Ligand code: ADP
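Read the single chain below, which is given as structure tokens and is the form predicted on its own.
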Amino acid sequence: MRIAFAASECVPFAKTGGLADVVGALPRELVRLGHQVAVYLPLYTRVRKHLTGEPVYAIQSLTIPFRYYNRFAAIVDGGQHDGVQFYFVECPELFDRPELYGPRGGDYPDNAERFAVFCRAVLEASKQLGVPDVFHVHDWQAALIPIYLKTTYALDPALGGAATVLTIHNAGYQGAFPPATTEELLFPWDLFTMDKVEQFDRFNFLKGGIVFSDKLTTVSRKYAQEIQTAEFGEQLDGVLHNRAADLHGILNGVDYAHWNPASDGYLAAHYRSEELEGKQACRRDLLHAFGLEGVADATPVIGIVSRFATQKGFDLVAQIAAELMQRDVVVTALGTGEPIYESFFRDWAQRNPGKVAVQIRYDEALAHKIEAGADIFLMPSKYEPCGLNQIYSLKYGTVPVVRATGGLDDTIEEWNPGEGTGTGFKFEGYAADALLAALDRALTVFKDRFDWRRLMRNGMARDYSWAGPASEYAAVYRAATRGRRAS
């Protein structure tokens, strides 16, 4: 099968979140299954840094019409990596900018135009470089592709047989723009209705993608259920419920070539389930990196690697911060995000020297050191479509404490001391006392060396590689193409 990915992020070229990890790993696994895969990305400033020498153009110029002018895009051949063909959509006035989506805490005002150019360039380029059986589009930034295929390109003989699959990585980000966007992108006004792209008098890219895609996926089974409810659907629960038969929850995999304590190049020592001694060396290295000296072996280290945001549950952490400091624990935290939570973490560390250490930045090496060196990994998210850090934690023998939502609920099994089963600790309600109770359960088990090691090994034995999810995606692609042929 021929598959074209269209996405706004992909490791190692451009990343702000888990979307980039998925688009970096899933195509490689699909190639291993025998499929032919191309990935289209915008040619951002940071992507250019990965190109060596002068750009090699697969297509010199594409004309993208607007109401009063044309945009012109080119397609740069990014070559093949692990069997995956990469193409970059070049439009310097739109993509040569410091950030992917906007200045910190905001959006570029022309994002609708930027990603409309990207989507149309992908379609036009495909007609010259190879029309896929399936366009696999990701989040709102690529969601115009299924809309275009069913409207502007509906009678195009080259593209008429292509199916579409839209993956929703986070329903909270929708790409909502003023009504005039309809005309600006040369869509007919009959598209701007409640049953198509209109949502609260906004042109909603994600809603349109949901309506017009042949199949839909999201990044965990639990999240597929949650987004059909008012609590988690971000006001798209109705349209998602209407498409429930076409919506599939497929848990993200992880790249164990990059996240494996037996081979991780960032670690002070390597270890595996049968030989855990190296984890103590990683623990000492982590504490040294955060300036926490003299921490007793009996004191558990809690690790956090996250975007500091309300969605991630840090309002709950703030509520229990003082009481948690009465426990025999130390906390290491790494991340950036909303100013209120950056300030909270700085203040927490200043008030509790020797017990809390925070670095307000993102550092790949330090993220790996926390995964390996911490004893407990904390993810109390208000909602979490999939989450990857809890899966990394399992592999590294770092026991997760999570809220039972989305992918966190799908991947973490509550510890059962009687049976010796389970991989971590979960709490249900979004409440500070429930979070503290889950942490207390973890701290109690930590005191029992035998049970804790069993709990660690249970997690390390779990397999969340991409092989299974890739096969599930391939089944969705086949269903999408069958549906297109039948229509």
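Small disclaimer: the values here were computed from a predicted structure and weren't measured. All residue numbers refer to positions in the sequence shown, first residue = 1.
Beyond what is shown, the protein has a form predicted in complex with this ligand; the following relates to that form.
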Note which of Arg351, Arg327, Arg307, Arg243 lies within 4.5 Å of this ligand in the model of the complex, where distance is taken over heavy atoms; exactly one does. Arg307
Which residue, Tyr341, Trp259, Tyr148, Phe203, is the contact with this ligand in the model of the complex, using a 4.5 Å heavy atom cutoff? Trp259
Looking at this ligand in the model of the complex, do all three of Gln311, Gly387 and Tyr392 come within 4.5 Å of it through at least one heavy atom? yes
Just to confirm the contact call: exactly one of 176-184, 204-212, 355-363, 281-289 touches this ligand in the model of the complex at a 4.5 Å heavy atom cutoff, so which is it? 355-363
Does any part of Leu334 reach within 4.5 Å of this ligand in the model of the complex? Heavy atoms only, please. yes
Is there any non-hydrogen atom of Pro12 lying within 4.5 Å of this ligand in the model of the complex? no
Contact label in the model of the complex: Ala367 to this ligand, heavy atom within 4.5 Å: yes
Using heavy atoms and a 4.5 Å limit, would one call Met379 a contact residue for this ligand in the model of the complex? yes
Can you list, in sequence order, the residues from 1-24 that come within 4.5 Å of this ligand in the model of the complex, counting heavy atoms only? Lys15, Thr16, Gly17, Gly18, Leu19, Asp21
